[in-house]
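Listed next as structure tokens is one chain, alone, in the form predicted on its own.
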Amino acid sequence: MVGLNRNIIRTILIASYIMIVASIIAGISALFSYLNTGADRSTMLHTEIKKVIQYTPKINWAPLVNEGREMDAENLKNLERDYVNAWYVKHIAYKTNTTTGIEDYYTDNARQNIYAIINNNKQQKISVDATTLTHNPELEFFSEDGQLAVITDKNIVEYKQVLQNNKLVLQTTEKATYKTVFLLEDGFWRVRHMVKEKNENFVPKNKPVATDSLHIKGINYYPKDTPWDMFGDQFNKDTIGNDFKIIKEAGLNSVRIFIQYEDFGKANVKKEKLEKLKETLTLAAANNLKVLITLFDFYGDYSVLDWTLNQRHIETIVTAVKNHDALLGWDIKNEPNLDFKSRGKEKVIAWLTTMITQVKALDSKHPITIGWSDTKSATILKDKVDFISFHYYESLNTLTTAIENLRKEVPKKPLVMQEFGISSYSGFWKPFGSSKNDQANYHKKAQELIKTNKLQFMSWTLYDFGSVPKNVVGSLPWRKNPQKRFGFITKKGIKKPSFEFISSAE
């Protein structure tokens, strides 16, 4: 019996020993696997920089001729990533006066200066909304042990808005040079020192484009079955080609089309959308038409930290089509003044100014305009654009006076009445609306005034539409239904009486 008990105890002890050893081995294996795969930053750091694209300044590295160890491509990629993220978290910190993310991209020493600025701004109720648009880094030194790097970033284009008590007190665009020292910690690069060595006001060289030969006789265009979704799944070259033929035969020479910012992919422009845009321009060229491209349709953020995403968007689009024979020019934004109240006039104008500079840096040959919703706003940024565009849905009786006032402020640039028209809707939701004959009389008078006032024009629009998206005029039926009937041609393809006056008789 005693022997039996000893055997049982011995068995239990051996089994326990085996279980303990197995647990230790399993733990070591898990740890080894973790170390082999590399720790995810989201588990290592207090803050994870989200994987979505959110800050994409232009980075132009100088050729690598640094002192010390040779920098390989992977290390350079990681250095650039952490450098850009360091700028991003600092922008967020100064905008929100919080320290989130700073310890992830700055060493203990470097944090103290940032924290001091944040504390001071808190006391003064100051916030700084800033971004950098262009970086030109040069690697000066990379240590032999691969733990220290020094770069000089020359001519950074840095934009700042300084607000106190939520009111704008200063906005400036600067060109600065920074020297930055990095230490490799936890497998990524932290800023040890960042010193501004040079600073000056940035004055973009926006050369005007000659507009002497500009003679726009055009129309705003969407296919009748896909309004506000021209480049979607129903994109049809034959439909667009036939419509362009109608437009040309009607005596017009140009069309205005729209690039929706989100639909085209924001910073990552979708290739299939870009190809459809190119095909549209080619169809226009085949019909001897020019195309005015309106950018940023349905965009309404204007946040300073969004600017680098906007920059990548236009860089892709402008570069892709700037040499196309059919390109007439660029309309930066449709009716941006309607966002003044909700987004802030200063913020919208600052955004427009920056986008003009960006487009002109990419394309110095084609003229730029802004599609203001009225003549009163059309003088804003008059010295930045190459021709003045305005929309006019007021009474034609006041058009001549409005043009006279506009020409007093802008005497030397072409004026384009970029949108105008009247709906032929008269029904339940608008019983005292206009008829098709009223629409024809309107366009007859409009063309007479266009000729008298020596205006260029783009009417709204070729077709009536079967539907209008809610985000265009809202969901109220008394607004949506009239919007469907501005066309010169019905949705069944029948020309309305107004078609006779789609162009001036010359």
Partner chain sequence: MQKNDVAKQTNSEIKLITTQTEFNAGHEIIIQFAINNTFTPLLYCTNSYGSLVIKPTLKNKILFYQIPKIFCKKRGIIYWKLSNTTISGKLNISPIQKVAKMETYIGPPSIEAGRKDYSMLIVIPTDSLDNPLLKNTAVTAKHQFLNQKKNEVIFTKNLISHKKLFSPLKSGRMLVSSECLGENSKEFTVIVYPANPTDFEISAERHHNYADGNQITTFYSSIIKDQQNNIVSDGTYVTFFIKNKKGNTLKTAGTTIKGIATAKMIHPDYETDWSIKAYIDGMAESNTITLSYKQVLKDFDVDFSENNRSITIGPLQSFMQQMIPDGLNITLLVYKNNTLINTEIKTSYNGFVTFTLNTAVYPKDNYTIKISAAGLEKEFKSIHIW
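Residue numbers count along the first chain shown, from 1. Since the model is a prediction, treat every value here as computed from it, not as a measurement.
Not on display, but discussed next: the form predicted together with the partner chain.
- Comparing 424 to 432, 215 to 223, 146 to 154, 230 to 238 against the partner chain in the predicted complex, the single stretch with non-hydrogen atoms within 4.5 angstroms of it is 146 to 154.
- Not one of D263, K273 and K333 places a heavy atom within 4.5 Å of the partner chain in the predicted complex.
- When you look in the predicted complex, the only residue of T400, T98, S395, T172 with a non-hydrogen atom within 4.5 Å of the partner chain is T172.
- In summary, among the residues H391, K90, K413, H135, the only one with a non-hydrogen atom within 4.5 Å of the partner chain in the predicted complex is K90.
- At the 4.5 Å threshold, heavy atoms of Y299 stay clear of the partner chain in the predicted complex, well away from it.
- Proximity of G68 to the partner chain in the predicted complex falls within the 4.5 Å heavy atom cutoff.
- Using a 4.5 angstroms threshold between heavy atoms, E140 counts as touching the partner chain in the predicted complex.
- Mapping the unseen interface onto this chain, K196 counts among the residues with a heavy atom inside 4.5 Å of the partner chain in the predicted complex.
- Residues N109, A110, N113, I114, A116, I117, N120, N121, Q124, I126, V128, E140, F141, S143, E144 of 106 to 144 are found to place at least one heavy atom within 4.5 Å of the partner chain in the predicted complex.
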